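Next up is one chain by itself, shown in structure tokens, the form predicted on its own.
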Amino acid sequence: MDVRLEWSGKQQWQASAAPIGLFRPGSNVKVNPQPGTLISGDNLLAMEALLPSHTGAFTLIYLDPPFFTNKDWHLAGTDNSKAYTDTWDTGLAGYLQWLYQRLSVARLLLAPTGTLYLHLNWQAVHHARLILDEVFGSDNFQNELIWCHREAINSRKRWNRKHDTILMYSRTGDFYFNPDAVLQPYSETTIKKFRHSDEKGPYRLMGRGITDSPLRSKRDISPEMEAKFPGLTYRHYMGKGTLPVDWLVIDIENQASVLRTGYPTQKPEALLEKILLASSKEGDLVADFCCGSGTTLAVAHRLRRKWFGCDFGEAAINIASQRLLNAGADCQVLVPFISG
């Protein structure tokens, strides 16, 4: 690749010299990693601990890391308890190095047919795109998804920033994607175009694209023309919905939502449901190594995917583990540790 992003102190990821294991909190007994595990600690160590047993095992990895906001985030409805810190002593260079290392290991964990979704916003997504091009290869860029969300609109200085960007990269060119699982409903206007119906369902009468045909590529022709020119027409039946597009309008989990956990950057289940349905199947292994309130893991459990999760924050682990338990998921909490 001829174009790379450089920053002060840039270093490629290198595996730790000493082995990394997963342990129960307060225990010195190593536990073999199994799906349904929530790892409390540094996600780089967590991913390295999974490499010996899970290299190439994950169909989907979703990452929702800090956005380089340079501020602390606090839990709602508490005495200003901190959820996590998104400040960087070494500035942008330190943030990019942090991201670079984790994306490098995430790629190793992906299956050949797997995909990674990196969720960021305007503050650093343009830098991350170049890092992902380097780590995954620019040919494996698949989508720039735009999640549009509505909340308070207060800025009078500039256009209000009301979207996040989710970059989708595949491990290889042969990746799993199921558009039929995320079909979008037809609009009322579209439905009304299917004026006719037979035993197969609603349809429109269309002209075939035959050279010199008087009905060539015409739409919504009359039944009389179909009877007169049966070889020049066809019935276009209404499907189950329209194919998905790369922008999603989904509300955040607002204060009235029963799913709201109080975690400050909680993502809506509807958003993660679309991602998991499109890029994984029942029984597949998925991961969220910046799991926060546990939305990805809760949706994965509901959709019958196997999962691993990780977060550095104690508040996130407490909220996510309780959320999973409430959902009926078997969940064990482990910590990564460098031995030797």
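Throughout, we count residues from 1 along the sequence that is shown. From a predicted model like this one, the values you see are computed outputs, not experimental measurements.
If you look for the form predicted in complex with a small molecule, you will not find it shown, but the lines that follow are about it.
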Q: Check each of Y95, Y117, F136, Y84 and return the one that places a heavy atom within 4.5 angstroms of the small molecule in the predicted bound form.
A: Y84
Q: Look at the stretches 51 to 59, 24 to 32, 303 to 311, 273 to 281 and give the one with heavy atoms within 4.5 Å of the small molecule in the predicted bound form.
A: 303 to 311
Q) Do G41 and the small molecule come within 4.5 Å of each other in the predicted bound form, heavy atoms counted? A) yes
Q.
Taking the small molecule as it sits in the predicted bound form, is Y263 near enough to touch it, meaning that at least one heavy atom pair lies within 4.5 angstroms?
A. yes
Q) R102 near the small molecule in the predicted bound form, any heavy atom under 4.5 Å? A) yes
Q) Could you tell me if L285 has a non-hydrogen atom within 4.5 Å of the small molecule in the predicted bound form? A) no
